[in-house]
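The chain below stands alone and is given as structure tokens, in the form predicted on its own.
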Amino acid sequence: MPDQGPAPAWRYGSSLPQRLSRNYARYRERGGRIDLYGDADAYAENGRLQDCERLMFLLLAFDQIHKEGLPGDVAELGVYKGQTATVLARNARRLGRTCWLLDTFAGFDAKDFTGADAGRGTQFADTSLAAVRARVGEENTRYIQGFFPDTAAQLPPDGRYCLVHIDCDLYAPILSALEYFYPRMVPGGFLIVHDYGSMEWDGAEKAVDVFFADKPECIVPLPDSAGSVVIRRWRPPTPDGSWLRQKQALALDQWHTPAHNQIAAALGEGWSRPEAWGIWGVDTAHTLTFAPADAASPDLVLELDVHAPLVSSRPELRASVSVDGAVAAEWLFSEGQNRGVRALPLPRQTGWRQPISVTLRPETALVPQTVNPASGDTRPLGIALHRLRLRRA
């Protein structure tokens, strides 16, 4: 097949991830921490935003770190002028972590011009530590200048990392960085290597392939301009359960609302999209899965602020409530007793280590469009949940 060269620009189209574009307001309302416009301006430094795919991936990675509650600091080896470092540092601050930035801040070191990189000349010398400091800032940020891996001694000896970005182009420093940071990544942490698939830096691809040839993780190619790859550190099962299980732990004696994503992880099957007032249960089974944050608590009571959709043709609704599969209560919703807080004693568990499953089962669901054809709402609505609280009995 003859080489046709690059495709014309009109063949390409791109768009931002929907959670950071058309649904960005909803994302922020539900507790999302990414500052899209601020991060993009810092990344572009008031210039034209280039390699947007790289920026979007970094933001989504930090979003996942926040969602899963991954511990650990952030690090970058190969800072150059600080373009990605600004994004890493800004997000490390939001997470309350330290961002470690390592570079010669004077371009390549000739000691790394070996093997696949023999004959390379000094590049990326048009920078300085002072210029990067001025761009990135000082808050929650530490700068380490010098030749790596010699400078690794200046990192915390017990350091752990949730995201490490390696962008030093050459085989030797990339391999040294993988050897140092890989065992220090927290389970689930993001290890990102730039230039793997660019075909500009053969040493980058070789270093990654050599290092991960015998590791349990695999590389995932990214569609940024330089062909970065990401590896998420293997995460073994833990005694405390998965990150999702830990997210299902609710603080005691305080109200939680679905409208602001406070109980998103506890919402199981049978719920619609959260709204400003709360959330609709749909169909005839709505499940909550949760555990008390204080595992040593004595007997607990679950309080649900709920109501049912009632109309003249159905002035009351009965619902059964199950706890871990066993029916624990029968609730009646009527015109005289509809919206209100209903209490559900929970059977005592030893240590409350296992999550509790509570299912609401209304006898029927109501489709608003069948009552008012003009509504256009075809959802089968069951029980509406405004808020919930776990309290000590």
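When you see a residue number, it is the position in the sequence shown, counting from 1. Being a predicted model, the structure only gives us computed values, none of them experimental.
Keep in mind that the form predicted together with a small molecule is not shown, yet the notes after this line are about it.
Heavy atom within 4.5 Å of the small molecule in the predicted bound form: which of Gly270, Gly189, Gly78, Gly197 fits that? Just give me the one.
-> Of the listed residues, the single hit is Gly78.
Scan Trp255, Tyr182, Phe211, Phe124 and let me know which has any heavy atom within 4.5 Å of the small molecule in the predicted bound form.
-> Of Trp255, Tyr182, Phe211, Phe124, the residue with a heavy atom within 4.5 Å of the small molecule in the predicted bound form is Phe124.
Indicate whether the small molecule has at least one heavy atom within 4.5 Å of a heavy atom of Gly281 in the predicted bound form.
-> Heavy-atom contact with the small molecule at 4.5 Å: absent for Gly281.
Look up in the predicted bound form whether Tyr143 has a non-hydrogen atom within 4.5 angstroms of the small molecule, and give yes or no.
-> Taking the distances in the predicted bound form, the answer for Tyr143 is no, it never comes within 4.5 Å of the small molecule.
Is Gly137 close to the small molecule in the predicted bound form, meaning a heavy atom pair under 4.5 Å apart or at it?
-> Flag for Gly137 set to no.
Though only this chain appears here, would Pro309 touch the small molecule in the predicted bound form if you measure heavy atom gaps against 4.5 Å?
-> Because no heavy atom of Pro309 falls inside 4.5 Å of the small molecule in the predicted bound form, the answer is no.
In terms of non-hydrogen atoms within 4.5 angstroms, which of the given stretches 262 to 270, 247 to 255, 300 to 308, 144 to 152 touches the small molecule in the predicted bound form?
-> That would be stretch 144 to 152.
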